[in-house]
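Only one chain is shown below, in structure tokens, and it's the form predicted on its own.
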């Protein structure tokens, strides 16, 4: 018997978790909120990897594990594969999702100042920070999966334009 959770429940859980940690528990300490959200994602990824690799043999190298995340794991969690995988073959991998589901409903209000001003204005950084809070959870999930597969790494996310998102994985030597 396959047990699944409705996508709307996961979306709501993510929105509420980000709102609670960044707006209530750690309102004045966004770095602590980010670490806590990422830690929750890590636990989720660690447990999901147990579930999705139960019937598989161990992966022989890092690239094989990353391909598993891009194809099988991403398909289970997001119902689609990663759109693009790039690597420098020295421990850095970039996974690009052109329509990352958890960012598909996020919008950033334009800054009330003129558009010609410097993009590093405080309004812009607050908007980027708010959107980035939603990415700590999936970064934690990816790190948790790879950690459970015996690959210690650091995972960060980059948003070029919503809802496109890239996850950068740096394997620790």
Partner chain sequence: MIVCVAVVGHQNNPLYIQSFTEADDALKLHHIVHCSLDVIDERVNNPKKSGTTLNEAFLGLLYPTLNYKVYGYLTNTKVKFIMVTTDLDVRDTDVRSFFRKFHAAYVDAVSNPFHVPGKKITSRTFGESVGNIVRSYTFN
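On a predicted model such as this, the values are computed, not experimentally measured, just so you know. Residue numbers count along the first chain shown, from 1.
Omitted from view is the form predicted in complex with the partner chain, to which the following refers.
Decide if the three candidate residues 96, 98 and 104 all line the partner chain in the model of the complex, where lining means a heavy atom within 4.5 Å.
The answer is no; none of 96, 98 and 104 reaches the partner chain.
Going by heavy atom distances of 4.5 angstroms or less, which of 46, 35, 67, 126 would be at the interface with the partner chain in the model of the complex?
Of the candidates 46, 35, 67, 126, 46 is the one lying within 4.5 Å of the partner chain in the model of the complex.
So, in the model of the complex, is residue 54 in contact with the partner chain at a 4.5 angstroms heavy atom limit?
Residue-level check for residue 54: yes, a contact with the partner chain.
Is residue 149 one of the residues lying within 4.5 Å of the partner chain in the model of the complex, judged by heavy atom distances?
Answer yes; at least one heavy atom of residue 149 falls within 4.5 Å of the partner chain in the model of the complex.
Consider residue 50 of the chain shown here, and say whether it contacts the partner chain in the model of the complex, taking contact as heavy atoms within 4.5 Å.
Result yes; residue 50 sits at the interface with the partner chain in the model of the complex.
Is residue 26 a contact residue for the partner chain in the model of the complex, using a 4.5 Å heavy atom cut-off?
Although the partner chain is absent here, residue 26 would stay clear of it in the model of the complex, with no heavy atoms inside 4.5 Å.
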